[in-house]
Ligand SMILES: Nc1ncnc2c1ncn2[C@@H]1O[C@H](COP(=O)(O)OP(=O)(O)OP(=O)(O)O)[C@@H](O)[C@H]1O
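One chain is shown next in structure tokens, namely the form predicted alone.
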């Protein structure tokens, strides 16, 4: 294929006897947008790292720009024009925008002294190349996620990128920020002939941005073709090997019964104003709004992590004072954070320790020491109940896929038997198969009498799992929506700021 910039043929890779990739074929064409999709654990990350030279393939052929490369190191991939923008962006939060963009060139040229004007000039040129305006002297830690993404793109273009690989580039972006990012990338594609390879779990996004789609499953290429050859149903089938049809959560609350959770006239730092809503046993209530609307602040206030100035919160008709997360836990409130990696898990610790961390006091024997048999029993109970896929619960939790890590976070809370569960972005970064399983678990928990508050900007997710949706704007609830009386387009139009 004359337009091929990168061609991989028969790529295989194993780790300690575990086959991660088997005879994978992949072709990246110049100046086109490609999307790589697959479930967690399908081999996407391994494939990206082989393209970038981080991992060495066991077998297979790697041809880039017509050159057959027998062995590839990261510096070789960079010199050939391959740039990878990972989810953490590989930026230094304590350095300025200008320093982050120009750092590679300063190091590559081996300068003993930094020419600060040159640093600013390089950064300004890089941002001008992608036609965005970001203050050069602000530290990267202070800028938005969307601007971090653009800084990483500008940095890649300074390295003469010909292929930019982006791993879950829109996970933490609003719809407006996504449109702005894609506008920049389209310009680079059309003007400079840059090829893109997106890795994404958002299937609607894959279908809207891609020109070519590659699907892998269990380390093998399942299909590869033009965008027009795919619809959502085919993507789901190719990724999972079976069709998925989710049923909406059909729930009618018994209004004669008192609410499980009632929030009245709640005002909390830094932005919540006059919040009022009820959550009944068995309900799944969604909360959505644009980034900065106050949805996460609401979750944190209910979990005792934001100072409450005034208002009234009752659980089972009893007033509660939530001054800390300990208070929330004592009153039966659990919280699954959006960022499970930094807030929800001890990544280096075992799966077992993560599961029992909330209930360890109840697992002590007669002498006050932890009882191994009780711990083992509780771990086995939740690993089996939530179908956590692991060879051994003694393995570190960072060995699990994203979907299984989310199950561990849920297991940790379910073991403590909460009355109310707050789920903030419960399926962020989770593949379509795991997402279905998590949705079914949420519905099962609600069916057993738990009240769930689900915070998400994934409108189809909320429509499929919730009986009501609370729409937030500027720190307050502006509308309550019955999911049976709306659709995705109606809600999306309501989210657009005035």
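Model, not experiment: these values are computed from the prediction. Just so we're on the same page, rigid core means the largest C-alpha set that superposes within 1.5 Å between forms. Residue numbers count along the first chain shown, from 1.
Unshown form predicted in complex with the named molecule; subsequent notes refer to it.
Undergrad: Assess the spot marked by 31, 184 and 227: is the named molecule within 4.5 Å of a heavy atom from every one of these residues in the predicted bound form?
TA: Negative, none of the three is within 4.5 Å.
Undergrad: Might residue 42 be said to contact the named molecule in the predicted bound form, defining contact as any heavy atom within 4.5 Å?
TA: Residue-level check for residue 42: yes, a contact with the named molecule.
Undergrad: Can you work out whether residue 168 and the named molecule are in contact in the predicted bound form, taking contact to mean some heavy atom pair no more than 4.5 Å apart?
TA: Residue 168: contacts the named molecule in the predicted bound form.
Undergrad: Although the named molecule is absent from this view, report whether residue 300 comes within 4.5 Å of it in the predicted bound form, heavy atoms only.
TA: No, no contact at 4.5 Å.
Undergrad: With a cut-off of 4.5 Å between heavy atoms, is residue 399 one of the residues that contacts the named molecule in the predicted bound form?
TA: Answer yes; at least one heavy atom of residue 399 falls within 4.5 Å of the named molecule in the predicted bound form.
Undergrad: If you check 309, 234, 312, 389 against the named molecule in the predicted bound form, which one has a heavy atom within 4.5 Å?
TA: Filtering the options by heavy-atom distance leaves 389.
Undergrad: Can you pick the one in 267, 359, 296, 404 that has a heavy atom within 4.5 Å of the named molecule in the predicted bound form?
TA: By the 4.5 Å heavy-atom cutoff, the listed residue in contact is 404.
Undergrad: Pick from 437-445, 460-468, 66-74, 43-51: which stretch has non-hydrogen atoms within 4.5 Å of the named molecule in the predicted bound form?
TA: Only one stretch passes the 4.5 Å heavy-atom test: 43-51.
Undergrad: Which of the residues spanning 4-21 lie within 4.5 Å of the named molecule in the predicted bound form, based on heavy atoms?
TA: Sequence-ordered list: 15, 18, 20.
Undergrad: Using a rigid core superposition, assess whether residue 388 undergoes a CA shift of 2 Å or more between the shown form and the other one.
TA: Result for residue 388: yes, a 2 Å-plus shift.
Undergrad: Fitting the rigid core first, would the Cα of residue 407 be found 2 Å or more away between the shown form and the other one?
TA: It does shift by 2 Å or more.
Undergrad: Has the Cα of residue 214 moved 2 Å or more between the shown form and the other one, judged after a core fit?
TA: Not so; residue 214 is displaced by less than 2 Å.
Undergrad: Given that the shift is 3 Å or more, do the Cα atoms of residue 218 and residue 388 end up closer or farther apart in the predicted bound form than in this form?
TA: It is closer: the C-alpha separation of residue 218 and residue 388 falls by at least 3 Å in the predicted bound form.
Undergrad: Is the CA-CA spacing of residue 389 and residue 37 tighter or wider in the predicted bound form than here, given a 3 Å or more change?
TA: Closer: residue 389 and residue 37 approach by 3 Å or more in the predicted bound form.
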